[in-house]
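The data below hold one chain only, encoded as structure tokens and taken in the form predicted on its own.
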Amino acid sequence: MHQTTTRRLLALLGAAVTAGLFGGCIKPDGAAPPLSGKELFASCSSCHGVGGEGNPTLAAPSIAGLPAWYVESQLVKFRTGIRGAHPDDLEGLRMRPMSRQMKDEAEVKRVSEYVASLPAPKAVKTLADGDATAGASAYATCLACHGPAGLGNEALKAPPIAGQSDWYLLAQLKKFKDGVRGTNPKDVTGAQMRPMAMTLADEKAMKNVVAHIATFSR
């Protein structure tokens, strides 16, 4: 009887010590707690940076401060092959397996909310030959969705583009125009962007629009 009592006391003591060491991180049922958005973002930081500031060398855009609804929608597109499945979309093909590291919808939401909470960095100009004045008239086709100041419209699923890196905006316009992005039948918003991009005659016209967008404040 004495031995049984001693073992029970030792077991209780061990449980108390474990709870103290781990601060209650282990649930009573033994299941591990869900990963936080910050922890989930660790797999994204190798390309997008620890602050989501982006890395042009890796063609990884700035994502810090983007609306959670937009980040979530793009992750879903990458996960399901609506975006990033075209053989010429090298960056998209790289994003697909990364997006699938989120095991379910709840994790996608948490990491999206974390990205939205990060302070947006100031965009650095990298394109030198765009004409913002000429781009202002061409931007008229973008107004209905992205707004006069490029702040986006959630109701239309149009993301904010003010403050985004100029090299990234140019790259995406090229992808839409060339059919690398926005041709999947399930990509409704991408399909809306394609004809907009196709109104821009050439790369010079694209750079002009991007230069105009660069005048917006985020």
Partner chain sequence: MISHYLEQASTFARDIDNLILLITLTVGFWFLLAQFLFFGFILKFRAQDGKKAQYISGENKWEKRWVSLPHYATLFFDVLIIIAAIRVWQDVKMTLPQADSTVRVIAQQWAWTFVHPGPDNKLDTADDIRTVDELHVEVNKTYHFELQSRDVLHSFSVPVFRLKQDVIPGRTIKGWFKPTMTGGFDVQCTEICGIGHGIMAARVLIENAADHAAWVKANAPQVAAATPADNVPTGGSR
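Positions refer to the first chain, counted from 1. Since this is a predicted model, take the numbers as computed values, not measurements.
Below, we turn to the form predicted in complex with the partner chain, even though it does not appear here.
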- Query: Just one of Ala132, Val124, Leu127, Ala85 has a heavy atom within 4.5 Å of the partner chain in the model of the complex. Which one?
  - Reply: Ala85
- Task: Answer with one of Leu90, Val76, Leu143, Ala136: the residue that has a non-hydrogen atom within 4.5 Å of the partner chain in the model of the complex.
- Result: Leu90
- May I ask you to check whether Thr183 falls inside a 4.5 Å heavy atom distance of the partner chain in the model of the complex? no
- How about Gln101: is it within 4.5 Å of the partner chain in the model of the complex, going by heavy atoms? yes
- At the 4.5 Å heavy atom threshold, is Asn153 in contact with the partner chain in the model of the complex? no
- Query: Within a 4.5 Å heavy atom cut-off, is Arg110 in contact with the partner chain in the model of the complex?
  - Reply: no
- Message: On the criterion of a non-hydrogen atom at 4.5 angstroms or closer, are Gly147, His212 and Thr215 all touching the partner chain in the model of the complex?
- Response: no
